[in-house]
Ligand code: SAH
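In structure tokens, the next block holds one chain alone, the form predicted alone.
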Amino acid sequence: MWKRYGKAAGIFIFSMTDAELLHYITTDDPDEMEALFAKARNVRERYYGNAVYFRGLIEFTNCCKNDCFYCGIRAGGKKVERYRLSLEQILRCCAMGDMLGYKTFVLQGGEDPFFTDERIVEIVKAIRATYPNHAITLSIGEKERGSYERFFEAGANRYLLRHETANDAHYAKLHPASMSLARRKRCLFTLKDIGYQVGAGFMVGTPFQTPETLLEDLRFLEELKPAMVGIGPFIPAADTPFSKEAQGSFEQTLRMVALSRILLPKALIPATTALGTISSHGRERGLMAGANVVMPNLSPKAVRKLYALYDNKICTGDEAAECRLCMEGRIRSFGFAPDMRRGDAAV
């Protein structure tokens, strides 16, 4: 059902109609799904072979000013035990990651007003001064252009900002009125314009989501052409308005990973921790559906459980070295090659 319609700058481009995409978004036919996953693997192998890139994740604050209805660290979560890592703690995480071979650090946190532009610049500069050849990724939400420019000038290379849904009405049902999809999209295009390698993405199975809204997500990704695409299942979080909702479908999440790989051949796509949370071999299955990145946790063990975007998150009790070795072994067992290089998007 997919058709290769051209080749531009070395990229084999696949065209799928809306009807074809909707078919794969909704199919539960095992043969069709395996054919889809096989196609996604073939596309990934063209540019990345069997390499799986490792990123060291540092969850440095679980404080957030926003009140997103699905998020376990939302501002309205009164039962959350809040924490912030100091610059010294963040640098210790980086030192551990470097010792373990990581060449990319991902600093992820809520939209925490404590971490002003000046503090983020100080953190990025300190990491860049010690690790001049490593990639530094930020995932700290919506900012003004001037803030993004300061972080970039300080040495940040990549920025992750999930759009969550490309449909305005759906976005409004997942977020308070103070937030807007138009602003989120504007941030993503601004980040690209500045020169970041940009990551977008969404959850599969959020309340009020339909096959048509998932189609809009794929079409938005085609428009944005991000370097990275993060897709994971919706998992309910306690003490949120959606705590009693059903979690997203594992198989549908895999299909969305595969479709994203086919439509965006050169994207870096993580096999997310959320996939591993809802299935014992979830991350490995994600790789088999076209993903090529994993992000083991470098955060101090004492705060791992506190960064609870959703319930029952895995690997919160592992030391950083345990996390790295376990993931490497699991990846090799599925025929993939762990790759500790920076792993920039193919050009």
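So that there is no doubt, residue numbering starts at 1 and follows the sequence shown. Since the model is a prediction, treat every value here as computed from it, not as a measurement.
As for the form predicted in complex with S-adenosyl-L-homocysteine, it is not shown, yet the points below apply to it.
Residue R184 is the only one of R184, R84, K125, H134 with a heavy atom lying within 4.5 Å of S-adenosyl-L-homocysteine in the model of the complex. Note on the partner interface in the model of the complex: the residue among A51, V303, M33, L309 having a heavy atom within 4.5 angstroms of S-adenosyl-L-homocysteine is L309. The partner is not drawn, yet in the model of the complex one stretch among 95-103, 221-229, 162-170, 249-257 has residues with heavy atoms inside 4.5 Å of S-adenosyl-L-homocysteine: 162-170. Contact check for Q108: a non-hydrogen atom falls within 4.5 Å of S-adenosyl-L-homocysteine in the model of the complex.
A residue is said to contact a partner when one of its heavy atoms sits within 4.5 Å of a partner heavy atom; F151 fails this definition for S-adenosyl-L-homocysteine in the model of the complex, lying far away.
Using a 4.5 angstroms limit between non-hydrogen atoms, N157 is distant from S-adenosyl-L-homocysteine in the model of the complex.
When contacts are judged by a 4.5 Å heavy atom cut-off, G276 does not count as touching S-adenosyl-L-homocysteine in the model of the complex. Within 4.5 Å of S-adenosyl-L-homocysteine in the model of the complex, a heavy atom is found for none of F37, I262 and A291. Contacts between 124-147 and S-adenosyl-L-homocysteine, taken as any heavy atom within 4.5 Å in the model of the complex, involve S139, I140, G141.
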